[in-house]
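Next up is one chain by itself, shown in C-alpha cells, the form predicted on its own.
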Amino acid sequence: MSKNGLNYAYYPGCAAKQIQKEADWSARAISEKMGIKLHDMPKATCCGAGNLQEHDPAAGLAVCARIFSQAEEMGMDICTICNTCLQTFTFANERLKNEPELLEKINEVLAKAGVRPYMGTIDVKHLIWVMVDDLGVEEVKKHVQKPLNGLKVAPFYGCHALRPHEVFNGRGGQAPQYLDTIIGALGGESVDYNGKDKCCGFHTMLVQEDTFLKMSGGHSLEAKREGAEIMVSPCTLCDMALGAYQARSEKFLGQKIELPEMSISQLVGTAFGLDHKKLGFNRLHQNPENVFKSRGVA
C-alpha cells in the first residue's frame, strides 16, 4: 500500500501528454472508478528517459531527485503509466537510497536550484502494480460491469518494467504476472507467446527501422498465431510501436497482422463499462469494436 492510502503523485510521462493521450485519459478514468486518487505534479519535468542519463549521469540523477522531492513533499509515492519512466526512476531511486554520499551530492545540486532535499522515502510504482498489490484483484473485479467473456488477450509487458527483476523488487523477471492477472480478473483469457516479455524495438525506430518493424510486427504476428484477438501493453512507447506502426510493419513483412492493440487501461475501462470516447478509442489505429462485439462486450 502507498504511504498515503490510495493517493499517488501521478507521473504519466511525456508520451502520454502528447502522442499517446488516450493512455492518460483511460488511466485517469479507471483510477477514478476504483478509488485510486492520482494527484498531478505540475512542476515535474521529463525524467530524462535514458538519453540524459547517458550524456550526463549526474544531471540525470538530479532531474529524477527533483521529481522525487516533489512527490515526497506531497507525502505520496509516484505512480506512472510509462515503462521507460518507471525504469529511469527506479534505477535512480535505487542508487539514491543506497548510496548516501551520492544522495548528499545530488541534494547539494538541488539546493543550488532552490529545491528541497530528497530524503529517500518514496517508492515508484506502475499503475498495474497499484491495481494488483495496493488495491487488490478482488477490488478490481468488483468494478467489472462487462466481463470480457473469454476474450483472448495477448499481454505485452515491455522490457523496461522487467529487467533486472531485483531492482523492481521481484515484480519483473522472466515470468511476469501483472497483466495476466488483470486480464483474468476482467474475464479474459491471457495468451501466452514468446514475445510477451521482449523488447518492442521502439529505441531502434529511428536508427534501424527495418529491425524495429521486424520486432514490433513479429511480436504481433506471433501473438495472433497463438489465438490472440487483441493485444494490450502497460507502456506508452510499446503502445506506439505495436499500434501506430502496425500498418508499416505489415507492409515491411508482407503479411497482414490486423490485431487491435491498446493500453491495458483502455481494456480495463471497457470491462468497467466506461464510455469508449472517454477511453480514447477514437485515437486507436486498429478499431477493436468488432472484436468486443463478437464476445458480447458492447
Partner chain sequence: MADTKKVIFKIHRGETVQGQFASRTEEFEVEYGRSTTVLQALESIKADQDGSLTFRRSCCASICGSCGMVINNRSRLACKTKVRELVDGVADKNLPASDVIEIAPQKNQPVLKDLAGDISNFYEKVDTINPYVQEGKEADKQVNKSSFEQVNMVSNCIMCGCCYSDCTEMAASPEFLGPAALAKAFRFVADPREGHKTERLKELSEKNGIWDCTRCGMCVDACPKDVAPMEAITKLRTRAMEAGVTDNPGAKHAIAFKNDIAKAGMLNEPMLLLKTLGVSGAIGQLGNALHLAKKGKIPSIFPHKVEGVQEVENIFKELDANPIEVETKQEDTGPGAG
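Note that the structure is a prediction, hence the values are computed from the model and not measured. Numbering follows the first chain given and starts at 1.
What comes next is about the form predicted in complex with its partner chain, which is not displayed.
Shown here without its partner, the chain carries Val137, Glu229 and Gly254, none of which come within 4.5 Å of its partner chain in the predicted complex through any heavy atom. Proximity of Arg163 to its partner chain in the predicted complex falls within the 4.5 Å heavy atom cutoff. Contact check for Pro57: a heavy atom falls within 4.5 Å of its partner chain in the predicted complex. In the predicted complex, Pro260 stays away from its partner chain, with no heavy atom inside 4.5 Å. Shown alone here, Pro100 lies within 4.5 Å of its partner chain in the predicted complex, counting heavy atoms only. Only one segment in the set 128 to 136, 75 to 83, 152 to 160, 178 to 186 has residues whose heavy atoms sit within 4.5 Å of its partner chain in the predicted complex; it is 152 to 160. Comment: its partner chain is not present in this chain, but in the predicted complex one of Val191, Ile106, Leu148, Ile122 has a heavy atom within 4.5 Å of it, namely Ile106.
For the partner-free chain shown, Asn194, Asp197, Lys198, Cys199, His203, Thr204, Leu206, Val207, Gln208, Glu209, Thr211, Lys214, Met215 of 185 to 215 come within 4.5 angstroms of its partner chain in the predicted complex, judged by any non-hydrogen atom.
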